[in-house]
Structures are given as structure tokens and as C-alpha cells.
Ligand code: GLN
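Below you will find one chain, with nothing else, as C-alpha cells; this is the form predicted alone, and questions on how it binds or moves follow later.
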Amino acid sequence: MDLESLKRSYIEKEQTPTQMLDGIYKKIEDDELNDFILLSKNYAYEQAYLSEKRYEKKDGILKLDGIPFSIKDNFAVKGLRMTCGSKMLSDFVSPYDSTVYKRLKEAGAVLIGKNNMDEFAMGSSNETSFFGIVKNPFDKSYVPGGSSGGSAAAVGADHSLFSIGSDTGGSIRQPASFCGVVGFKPTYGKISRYGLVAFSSSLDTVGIITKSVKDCKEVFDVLRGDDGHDSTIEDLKPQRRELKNIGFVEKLEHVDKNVFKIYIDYCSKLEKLGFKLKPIVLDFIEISMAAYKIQTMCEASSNLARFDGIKYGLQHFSGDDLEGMYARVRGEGFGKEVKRRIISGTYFLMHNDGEYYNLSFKLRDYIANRIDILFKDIDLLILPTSLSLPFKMGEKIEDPLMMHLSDSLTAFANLANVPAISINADYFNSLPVGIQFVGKRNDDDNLLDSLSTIQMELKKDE
């Protein structure tokens, strides 16, 4: 069911927001996907009751009134725990609301709960959470992707109509691909990051996971724009235009052959719809991975320094001195993957006055320039969202290099500050395969409008 259909069912009294909640919470309990760290039932039923009253009066109905949603557990919601999937913050209760949650609440949306995630958004499989592994709704022996795996699994399993997550190098799009849903990463600066716990500040982007591109656009319109708290907000709206010229890659290294076949078949469908496809070469994928890893590790080292047991974090430890206490708190509070990235980032920052970190920005400028040059001849870029199909639990978690390759086809969009969206293209052995579209910087509206049309046209042919 989409947003419009659900609102219509409320208006026509086929069901009430409270009845919808009853069914969702029962389904979450029965499915056992571990996609939620926290269920906010008191918040949800209170909000649903207010929505019911507005629907009964048929007056003052809000844009997302009674629509159940979930949010990744690295966003602040006043009075609820915010753990970031980590033992370090397992008892932390937020004293304020993030802009994202505040705007959704004001639009009448109903918060189901806070989604499980890779610890501090570091991971591509949702296996690094202190609160356990999230299961893929299509096959519980497979991972849902990460780091917003709980959000994608929740939407894929109909535990919420949409979910809000964060995307630093693919953390919205890759799990959306693995769970058969839509995952949208806007241009950096479209949605305020106020109340989002920072991983890599220059790359972190608030993203949206839905069942359809149309729903994604509706939620995006509620969230976007300045809030007075995030100095990076710059919500430019370019002239509306039709996007017809699509760049595609004829050859990709390391991509699963079944994924690539579905990708090529999808490109053929676009040609039949009247789009013009132009072959292009992406010569910056390998460079983008190097720049992305250095930049995120350095910024994680800096951002996570605040979790020391004094300002934030576990506070029941003591030591012989301050340094000893820090060591105990951080040693106990952080998981293996987070420690590895902090240590690597600290090395990069200390080596030769941060030469690696400075170099990563030069590489980032190069990638952004290459993207800008490509978009002089095309309107959209299409490529697989992930190199692989969803993989089994435990298959890659002990191999950091293979896990990092999960971001190979997504990270460059964050580095270049351009919008990107993953939609479900098809299935292989009942597992979803996502296709990613990348647009020009600040061309979010045209990207969403074009993809919404594509989804509707292809649905007619099914």
C-alpha cells in the first residue's frame, strides 16, 4: 500500500490509524527480523489518536496524517533512547528532537520505532550492531545490507510505510537494493542533519526509504529546506525538464554476472520507453573508494572522540587516571569495526600532518569534476546499486576488504555531492536486485519525477 492509498482508506473509514498500528506491531512481533532496536508504542498510539480525530472531523488533515514510519537509531527523538547500534550509547536518552523527526511529526506521521543499524553507521551488512543482526525479509539467512539495514528491512517487510536513514557512501541505497525497496540519497545539503549523530560530516546525508518513488518524493518535500541549525543547507530548485539521455556502463569489474544481466535487461526496457542510452566509462571507481575510506575514517576518528564516558557514553567506569578511564570506556563501548576505523583514521590524520586526508579532498574534487563533465552529455547515469546479490550472514563480516567493496558503485555519489536513487529492477532466485540512477547536482526533483514516471510505465507492461 502506498501513502495515497492508506490516507484514502482512513478517509473512507476502511480502517483507522490505531487499527493500522495494531496490525503493524503484531506483524513486527511475528516476523522476528530484529529490524527495530526500540518500538515507540506510546508515541505511536498518541499520534495515531490525534490523526483519527482529524480524519473523523474531515478537517485539518495533515500531509502525512496517520502514516506509520520508522527512523534509524542515529536520529534524535526527545525522550527516546538513541543508541546508534552501539553499547557505548545503549542507555543514552535524547534531550531534543532532530529536524527530520520534528518535521514528520508536524506533518502527522506516526513513529513506529527506531531501526536497528550497523554500529555508528559503519558497515554494509547490519552485522556490527550491538543489538544483533538484522535479517533480510526475503530470506532470513541473508543480510539486509547496511548500514540502514533495519530501515530497509522494515519497509520491505511492511513494518512501516517509509523509513528515514543516513547515507555516507551507500548506506541507504545498498540495503534498499538488498530488500527490494526504493532508497534515495538527495544532494548533500537538501535535508538538515540537525539531530543526526555524525559519522563523516562532509559526506553524511539524510536519506529516505519507501516502496515507490512517488512516496519518496512526497516525504522528501516534507523534510527538505533550511531549519536554522545546519549551515550546509542549500535547497536550490532548478528548472523542471525532461530527462531523456542516460549514460550506462557496458563493462564493470567484480560485478556478479546475474546482477549485470538484470542491469543490461533493465537498460533495454528503458530504450523501449524512448530513452536514449549512451555508453560511458567510469574511470574513477577505484579512486573513489580510496578517497572515501580515508575521508570517512579520518572524520570518524574526530567525530567519535566525544564518546569518552564523560560527555557521552558509558559512565560507570573509573580508572587510575583520565587516560585510563578513556581507554576502559572506549575499549568496552565500541565494537571491533568501529575501533578499526577510528585507529585507521587517527593514523591517517597524524601521518605527515594529515597528508592523506588532504589528498582525499583533492581526489574528491577530481571525481566531482569528472561527474560534471559526464553530465554535459547525459541527463542521468544508470548502473547496478551493488556489485553482488544479497549475501549470507557471516559470509563477509571477517573480510573488511570484501565488505568495503559493497560501496564501490555508490560512494562516488556522496563524494561528488550528487543525488542518487536505487529502485528494484528484478529478482534472482527470489533475491532482489537494485538499479541505481544518479542525477546532476541539485537536480533531485527532476530525478525523482523521471524515476516515478519510469516506475509507472514499467508497471503497465508487467
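Quantities reported herein were computed from a predicted structural model and do not represent experimental measurements. Sequential numbering from 1, following the sequence displayed.
In what follows, reference is made to the form predicted in complex with glutamine, a form of this protein that is not presented.
For the candidate spot formed by Thr385, Ile423 and Gln436, no residue has a non-hydrogen atom within 4.5 angstroms of glutamine in the predicted bound form. Here is the short version: of Gly85, Gly183, Gly169, Pro144, the single residue with a heavy atom within 4.5 Å of glutamine in the predicted bound form is Gly169.
Proximity to glutamine in the predicted bound form, defined as a heavy atom within 4.5 Å, holds among Gly156, Gly345, Gly123, Gly207 only for Gly123. The shortest heavy atom separation between Lys114 and glutamine in the predicted bound form exceeds 4.5 Å. Contact between Tyr101 and glutamine in the predicted bound form is not found at the 4.5 Å heavy atom cutoff. For Tyr292, a non-hydrogen atom is located within 4.5 Å of glutamine in the predicted bound form, even though that partner is not displayed. Under a 4.5 angstroms non-hydrogen atom cutoff, glutamine in the predicted bound form lacks Asp65 among its neighbouring residues. Residues with any non-hydrogen atom within 4.5 angstroms of glutamine in the predicted bound form fall in just one of 169-177, 247-255, 217-225, 90-98: 169-177. Although glutamine is not shown here, in the predicted bound form the stretch 388-423 places heavy atoms of just one residue, Asp407, within 4.5 Å of it.
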